[in-house]
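Given next, in structure tokens, is a single chain: the form predicted on its own.
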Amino acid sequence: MNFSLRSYLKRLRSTILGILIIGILPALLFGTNTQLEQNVWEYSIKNLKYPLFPDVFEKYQYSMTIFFAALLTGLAAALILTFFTTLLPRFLQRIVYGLLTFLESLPDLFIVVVLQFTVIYIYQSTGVLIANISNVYNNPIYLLPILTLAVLPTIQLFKIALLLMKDEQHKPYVTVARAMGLSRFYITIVHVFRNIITSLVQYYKTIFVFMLSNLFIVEYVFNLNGIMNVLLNTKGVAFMVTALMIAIPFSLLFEIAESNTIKVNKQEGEEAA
């Protein structure tokens, strides 16, 4: 099954309709407040007014930079961690898996506080400020929000990749490669990891939705001026525009990835048959 633009547009139509209903529902139920009436192409947060365009584009770019940097950081960290974990003895693998499972159970807010206190401690001990712990307007921060947003996806991807790795190591092609005298390092890097990355793509929707929901928390705790801050604190046109800016590209990405997953599964089924 290849990507179908017609199928995507049908699903997108339902998404847009839902956003429009949510956007106009407060006005239909409670009416408009004429005393607070303002230009529909403006929005206000904390009694400060901003022009919707081009301000919303800058906030969108800022949030997506943090989102995709955290995604790539989490993916790279998970693959590196998976590779080195598979080289450890089994009892150490279980310890690493248990520690990361424990870390996964911690709330996001706890991770944020630990990172902030670590930065403050390093600054007080050495005088070196490795990163700002809160956003100052027109001086956006990146390092701590990216690290915070990447922690939990790293753990989730690591646990999935580790299970996939164990499954791949028992497949016939790995046995054949070992019989041919290829090293474990070469087999893992060239063959096993390529198949693992293909399989990891199938978990894209869970990871993306999870990270988007966490982006709300990260922007709130670090006081970031991102697109989630606009979405959370506005209504009417500003809400609908920001919601569409998130929904349209991500739904397109999901549609393409799902089509690719179905295609890969179909090929694997044909090869197995």
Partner chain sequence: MIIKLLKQPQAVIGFLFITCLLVFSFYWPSMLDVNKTEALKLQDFLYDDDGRIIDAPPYSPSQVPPLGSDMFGKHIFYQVIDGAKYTILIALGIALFRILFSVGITLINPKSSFSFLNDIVQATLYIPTAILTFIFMNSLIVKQSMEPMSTIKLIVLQCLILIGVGVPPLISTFSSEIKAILNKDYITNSFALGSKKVYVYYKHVLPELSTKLVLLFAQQVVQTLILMAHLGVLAIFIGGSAIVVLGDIFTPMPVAIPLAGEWAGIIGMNFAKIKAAPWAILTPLSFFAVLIFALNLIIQGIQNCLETNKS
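Rigid core (definition): largest C-alpha set, two forms, superposition within 1.5 Å. Residue numbers count along the first chain shown, from 1. If you're wondering where the values come from, they're calculated on a predicted model, not measured in any experiment.
Missing here is the form predicted together with its partner chain; even so, the following discussion is about that form.
Figure note: of the listed segments 107-115, 164-172, 84-92, 177-185, the one touching its partner chain in the predicted bound form, with heavy atoms no more than 4.5 Å away, is 107-115. Its partner chain is not drawn, but in the predicted bound form it has no heavy atom within 4.5 Å of residue 69. In the predicted bound form, its partner chain sits within 4.5 Å of a heavy atom of residue 231. Contact annotation for residue 213: at least one heavy atom lies within 4.5 Å of its partner chain in the predicted bound form.
Although the partner is absent here, residue 237 sits far enough away that none of its heavy atoms falls within 4.5 Å of its partner chain in the predicted bound form. For the candidate set 56, 207, 243, 224, a heavy atom within 4.5 Å of its partner chain in the predicted bound form is found for exactly one residue, namely 243. Heavy atoms of every residue among 14, 102 and 220 are located within 4.5 Å of its partner chain in the predicted bound form. For residue 20, the Cα coordinates differ by 2 angstroms or more between this form and the one not shown after the core has been superposed.
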